[in-house]
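Quick setup: one chain, the form predicted alone, written in structure tokens, and binding and motion questions come after.
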């Protein structure tokens, strides 16, 4: 099958740099401990992207991860598209530490991958949850948080949410889109964040909050519901006209990862517009 390469903008290139920088530090620290540290990419792609700016090939997160030194003990790459997982297998060659899965990460992660990163197995994991939409189940995020052994980067796809869910008149939204949002958020409490009916005479819901309010509410859920102890303020990834495409979140059970990511985030914060 012909490889399927994503075309990415500067905001995505910046995200790749952030994740690469942290993966390098993470593996360096974990390699000094008697732990099995694994790298997980739940929406892996083909391993290589096309730069929208230059038209040239650039390494994606799987290829960046495979070049980390010292290496992770295991690499787990998941994608729904078989041509993309095949491309990753070609990039990895005969490496026995690389595992690929053609399927839905919402099923593959809890059943096949997360169990490899338990306390009992002295496992630790860095997991990338970076879809281009909100087709990610909150149950997966909660499982990662409750395990206490997994750190995550997560794309909070505010553009998808704004285009398909957060209408000024919530009654006009397709029920399918509402179901997607409920699955991503974990319940319907996002409605209480974004809508209110006390400001008008007729009692109908009106949109009263913006992107940053919703992102902060999700950050609170990562801490209080999913159980991650450390969740720094996310980085807004913006397009060429300054609109936020998504927020890049990091969530971790340990203070060391939090400290390193805050340093990295602060280097890149507000550089998303390009």
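Just so we're clear, the structure is a prediction, and the values are computed from it rather than from any experiment. Residue numbers count along the first chain shown, from 1.
Below, we turn to the form predicted together with a small molecule, even though it does not appear here.
Distance criterion of 4.5 Å from any heavy atom to the small molecule in the predicted bound form singles out 78 from the list 78, 150, 154, 161. This chain lacks the partner; the member of 143, 100, 177, 106 within 4.5 angstroms of the small molecule in the predicted bound form by a non-hydrogen atom is 106. Stretch-level contact analysis of 89 to 97, 128 to 136, 165 to 173, 115 to 123 against the small molecule in the predicted bound form, using heavy atoms and a 4.5 Å limit, identifies 128 to 136. Taking the partner from elsewhere, residue 43 is found to have a heavy atom lying within 4.5 Å of the small molecule in the predicted bound form. A residue is said to contact a partner when one of its heavy atoms sits within 4.5 Å of a partner heavy atom; residue 219 fails this definition for the small molecule in the predicted bound form, lying far away. Residue contact check for residue 260: none of its heavy atoms lie within 4.5 Å of the small molecule in the predicted bound form. Although the partner is absent from this view, residue 16 contacts the small molecule in the predicted bound form, with a non-hydrogen atom inside 4.5 angstroms.
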